[in-house]
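Shown below, as structure tokens, is a lone chain in the form predicted alone; questions about how it binds or moves come after it.
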């Protein structure tokens, strides 16, 4: 029998159909470059699909990630996406030991996986003005927590949290495992990876789904102490739970990472253009972002998500999130998608810039 508390689990909302501008899922708008696709075709043609993935390929990916992150291969665990890491960490550190903590609003899967695994959740609402957090309240809520997930930059708000405040939390709660979710760190340029050897209760998780453009292949990794890394991979049954195709793709992407630096610069340039537009667009209050997305608030009752959807512009609607009914989040698309969003927004609000 399914546990009663799980019968009302909600579907993850994804708009159907083919949009004119897809800005709802924090994907990159740029497909893999032709050179990478060709390299993938050549690599796949010789892959032994009738065999399980060999551990040597996982180690090769770890060595490549070591060169990318500056951490030793022994400090890196590979898994089937960062989401798999989240679920594994809750199972390893929280079941029977304490609660899961995260800020609100933040990535919803922290709560979802905790609920599925039967672990209570504690949240701390971020301050609406700048999405910072009250340090005293954070200390209070963290008492009794076994795992704390902190997205940095935070999704959906886009802000980075102050280093000194996070460090105080980590050092003041040694029995709580802190997980810094760096899904968007390539856009932010700030990482906690170098701190994992200084704090026994700290690890970092990352993904290939954002800058590296392969969300459908489900590849992620964790950076932590070697003893922790070993347990995480055993608990995930690595290498057998990781797709061999995903591993080979990850290796090729890391070999060609200068191409993704160019993509990063395009996204950041578009982010700057969009922020400038929104700053002058009076119906909206937009917040600074260190990710590939922007969070914005509209006047009460004027959330445009549904109207944008009808125009073929897909955005993430926060209308169903208590306290954020007037907010939407947009992923930075390509120049044409971003222009369409701006033009559609102007049309909906009958507003002329300036």
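Remember, it's a predicted structure, so these values are computed and weren't measured experimentally. Residue numbers count along the first chain shown, from 1.
One more form of this protein, predicted in complex with a small molecule, exists but is not displayed; see below.
This chain is displayed alone, yet in the predicted bound form one of 151, 249, 114, 267 has a heavy atom within 4.5 Å of the small molecule; that residue is 151.
183 is the sole member of 183, 242, 100, 222 with a non-hydrogen atom within 4.5 Å of the small molecule in the predicted bound form. Using a 4.5 Å cutoff between non-hydrogen atoms, residue 212 does not count as a contact of the small molecule in the predicted bound form. Remark: residue 178 does not count among the residues lining the small molecule in the predicted bound form, judged by a heavy atom distance of 4.5 Å or less. Interface membership of residue 82, defined by any non-hydrogen atom within 4.5 Å of the small molecule in the predicted bound form, is confirmed. Mapping the unseen interface onto this chain, residue 207 counts among the residues with a heavy atom inside 4.5 Å of the small molecule in the predicted bound form. Every residue in the set 110, 155 and 218 has a non-hydrogen atom no more than 4.5 Å from the small molecule in the predicted bound form. Of the candidate stretches 91 to 99, 136 to 144, 74 to 82, 167 to 175, only 74 to 82 has residues with heavy atoms within 4.5 Å of the small molecule in the predicted bound form.
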